[in-house]
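Take a look at this one chain, the form predicted on its own, written out in structure tokens.
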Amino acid sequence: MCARRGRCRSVVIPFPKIVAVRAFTARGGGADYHDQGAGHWIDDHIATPMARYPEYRASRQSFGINVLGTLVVELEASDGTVGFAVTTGGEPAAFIVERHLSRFLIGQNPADFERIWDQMYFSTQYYGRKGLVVNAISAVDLALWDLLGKLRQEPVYHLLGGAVRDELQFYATGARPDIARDLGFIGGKLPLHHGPAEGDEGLKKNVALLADMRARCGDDFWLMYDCWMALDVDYATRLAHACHAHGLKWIEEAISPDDYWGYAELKRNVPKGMLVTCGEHEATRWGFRMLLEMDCCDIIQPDVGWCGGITELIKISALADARGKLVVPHGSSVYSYHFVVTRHNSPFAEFLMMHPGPTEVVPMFAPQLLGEPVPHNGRIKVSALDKPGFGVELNPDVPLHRPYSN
């Protein structure tokens, strides 16, 4: 309606506020992708820090890698719109969300994600900072972005500034990079099977497996080793040099994520042209600042469900970009896809081959997510991400348990 002097009055429609916070747990596959049945490649004698104990060497589940299960966080707005996200954390993280973090969410505008993140992080700093607590914060943050996208009827990648390329291209993580090559992926990352406790014989087996896969895949296909924090600097250095003749592109997360000094030494020690990557189990801008300022790696690999969510990944990526480093997030399905497609320093993405073989491309977080896009010929078109929010829904056939309430 216009006033007499020709000025128009604008009507501001209040943005929906958050009215409910719910945290659930789920078992089997999904976001806790280690929670798999027997015979899955992801639990087949993979080197770990626990491999120094023979009784925990053959299976990661034997020492409890899957005890937490999946965390599901739902945020409901006053108009009935629900945003959600999944990560690991299970019941302990559900407690943190319901009994602690919910106070910073109820009655708040979901667009105020910076203030909400700041309050969640600094209110938990005395018992958090990394690990389980930041997993919980990440789930809430991702649910906020999902809710915001749904309220604005835009995909999250639009909210992040829009796509800088027309498609995502992927490398595959799994036990069969030769099959990944046939499926159109740009590279294959193998799990390392033998660590220092298995001596020189184990080292020879690691090199032999890489040599076999190089013969199967040819010279123009990337091959990498995921060492899952299992090694020390000496073993990692020897492994890198022994694998150099077989074209190992990078050595990933070779040592403890807290050993920044060891990573800096390893980066100096590896053969020229080989990359050192890490950061899957790092968290927040401060942890990644250490990796970057100490020149620990060539590529950082934050998991958006563990490092602090999208809100924190924006800051982590900016730190890396200013130093000319690549950001290639660990796994995390649609939650990383929407980010990677908006950043020039994230030129490709990881796809976890969650088929037991793995001989087929299946949704990474199945069965918990519906509508999860998967690569075709190693690529996903940006148009596959065009639904509001992160573009996925919870599978109603997957049982959810709400152990606490706020």
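Please read all numbers here as calculations on a predicted model, not as lab measurements. Sequential numbering from 1, following the sequence displayed.
From this point on, the text means the form predicted together with a small molecule, which you will not see here.
Engineer: Only one of A366, A349, L352, M50 has a non-hydrogen atom within 4.5 angstroms of the small molecule in the model of the complex; which is it?
Structural biologist: By the 4.5 Å heavy-atom cutoff, the listed residue in contact is L352.
Engineer: Only one of K381, H376, H45, H34 gets a heavy atom within 4.5 Å of the small molecule in the model of the complex. Which one?
Structural biologist: In short, H34.
Engineer: Within a 4.5 Å heavy atom cut-off, is W228 in contact with the small molecule in the model of the complex?
Structural biologist: Although the small molecule is absent here, W228 would touch it in the model of the complex, with heavy atoms inside 4.5 Å.
Engineer: Give a yes or no for H40: in the model of the complex, does one of its heavy atoms lie within 4.5 Å of a heavy atom belonging to the small molecule?
Structural biologist: Because no heavy atom of H40 falls inside 4.5 Å of the small molecule in the model of the complex, the answer is no.
Engineer: Just to confirm, E312 within 4.5 Å of the small molecule in the model of the complex by heavy atoms?
Structural biologist: Outside the cut-off, so no.
Engineer: Quick one: is P191 in contact with the small molecule in the model of the complex, heavy atoms, 4.5 Å cut-off?
Structural biologist: Answer yes; at least one heavy atom of P191 falls within 4.5 Å of the small molecule in the model of the complex.
Engineer: I need the one stretch from 183-191, 232-240, 92-100, 155-163 whose residues put non-hydrogen atoms within 4.5 angstroms of the small molecule in the model of the complex.
Structural biologist: Result of the contact check: 183-191.
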